[in-house]
Structure formats: structure tokens, C-alpha cells
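Taking the form predicted on its own, here's one chain by itself in C-alpha cells.
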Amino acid sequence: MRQEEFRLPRAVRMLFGLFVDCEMLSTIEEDLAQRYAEAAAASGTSYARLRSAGAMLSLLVSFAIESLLWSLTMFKNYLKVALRRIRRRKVYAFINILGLSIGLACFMLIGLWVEDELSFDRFHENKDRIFRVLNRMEDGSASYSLTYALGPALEAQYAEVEVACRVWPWYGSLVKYADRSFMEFNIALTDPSFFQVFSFPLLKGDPATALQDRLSIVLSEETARRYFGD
């Protein structure tokens, strides 16, 4: 096979490009092409391809190790220079490090807050079609305290509202079962349509009938075990 017929694979060329410049890459390709031609003439193309693959792998490993060692050496030198400057200008270095630390901390906290806001209740099947109605107060703040009649009125008068569901917090009630009493502070009153809007999974019971009448109740697994054991 003629020397000019040998070409480095595109992926190998990209890997070599991480460690060497274009001129060095051309030299490597010419050298590998010459070795390929000599091996092909002596032992056939199959052996030449195998030998060229081994040579390319060996070169890539050596370049990677050399690059890693060089990076470590440069990092060590940069670290020494940085420590010397910190010792010479302690106040200036303290101000820079403190500012950088505060900036990174703010960036991380804002990022975590944004991630939490974007991931909130994303498991609901109709998450893109669920909207919460708030009451705008005179001071500009928003409150979830609304009149009981608003939900049915919106559902009846606006075709865009497919299902309306009211959720009203009930902050404290005494719950009795047999001879045991429990004071609960995390109770919510809601409509039978609650599970049409929200996709909370139920371990027991049917979501379509779970809140069918005024005496229906849905308990969390933790609360059910506290009341009834196993």
C-alpha cells in the first residue's frame, strides 16, 4: 500500500489534537504511514493495521501521561507563586478570597433555590395545566386565603377551567380512635375533585372515590400506622 493511502481515523485525529499542534500531527501521521507501508509490504495489511493501532494507542498513552505530568508540575508552580503572593499581601489576599467565597456561596444558594422551584411537584401528571389562584392584597402581597364560593364559580363560569379544587388548611383538631387520642395540626379540607387535579399515589383505596362524601378522609402512611398500627 502506498504511503499516501494511510489516513488517521477521525476520532484518533481528534484525540491527538488534544495534545499536539497541526504540524506535529502531520509528522505523526507521516511516520505512522511509513510504518504501515513497511509492515504491509513485509507481512500484509492485516498485520500492518494491527501494528498501526498499537502504535497509535502507545502514542496516545504517552502523550496523555506527559500532559498529565506537565499539568501537575505547572499546578505545583502556580500554587507556590500564589502562596508567596498571599504571604506578601495578606490583607489584599484575604479580601479577594472572602469576596470569591461569598460569590460562590451566593451562586450555589441561588442555584439550589432555582432547582427547587423548578422541580416542585413535577411528578403530577397534569403539572403543566395546574394553576393556583391567589388573592392580591392592597399592600401588593399575595395570599392564598380565598372565599369558598370562588372555586365552583370559576368552574361554572369559565370554560377554560376544567376542574376546580379547593384546599383549605385546618390547623388543629383532636382525633380519637378507640381509647387513643391524637392532636393533629396538619389537616387540610378539600373537594372530591382533589385527585382529578393532583396525581398523589395511593397505597390503598381508589382516588376516584376516596373523597366521595363529607365523612371521607385520606391518611398518609405514617399517620395510618400511628392510629391503627400495622
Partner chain sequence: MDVLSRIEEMLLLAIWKLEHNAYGISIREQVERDTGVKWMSGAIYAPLNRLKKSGYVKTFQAEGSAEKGGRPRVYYRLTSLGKDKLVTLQEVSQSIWLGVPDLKKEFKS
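Residue numbers count along the first chain shown, from 1. Here the structure is a predicted model, which means the values were calculated and not measured.
Another form exists, predicted in complex with the partner chain; not displayed. Remarks below refer to it.
*Asks:* Given a 4.5 Å cut-off on heavy atoms, tell me which of 188-196, 30-38, 158-166, 201-209 is the interface stretch with the partner chain in the predicted complex.
*Replies:* Heavy atoms within 4.5 Å of the partner chain in the predicted complex occur in 30-38.
*Asks:* Could you tell me if all three of 115, 119 and 131 have a heavy atom no more than 4.5 Å from the partner chain in the predicted complex?
*Replies:* Not a single listed residue reaches the partner chain in the predicted complex, so no.
*Asks:* Classify residue 21 as contacting or not contacting the partner chain in the predicted complex by the rule of any non-hydrogen atom within 4.5 angstroms, answering yes or no.
*Replies:* Residue-level check for residue 21: yes, a contact with the partner chain.
*Asks:* Hey, in the predicted complex, is residue 70 touching the partner chain, heavy atoms inside 4.5 Å?
*Replies:* Yes, residue 70 lies within 4.5 Å of the partner chain in the predicted complex.
*Asks:* Against the partner chain in the predicted complex, would residue 181 count as a contact residue? Criterion: heavy atoms within 4.5 Å.
*Replies:* No, no contact at 4.5 Å.
*Asks:* Using a 4.5 Å heavy atom cut-off, state whether residue 175 contacts the partner chain in the predicted complex.
*Replies:* Answer no; every heavy atom of residue 175 is more than 4.5 Å from the partner chain in the predicted complex.
*Asks:* Is any part of 50-66 within 4.5 angstroms of the partner chain in the predicted complex by a non-hydrogen atom, and which residues would that be?
*Replies:* In sequence order, 58, 59, 62, 63, 66 come within 4.5 Å of the partner.
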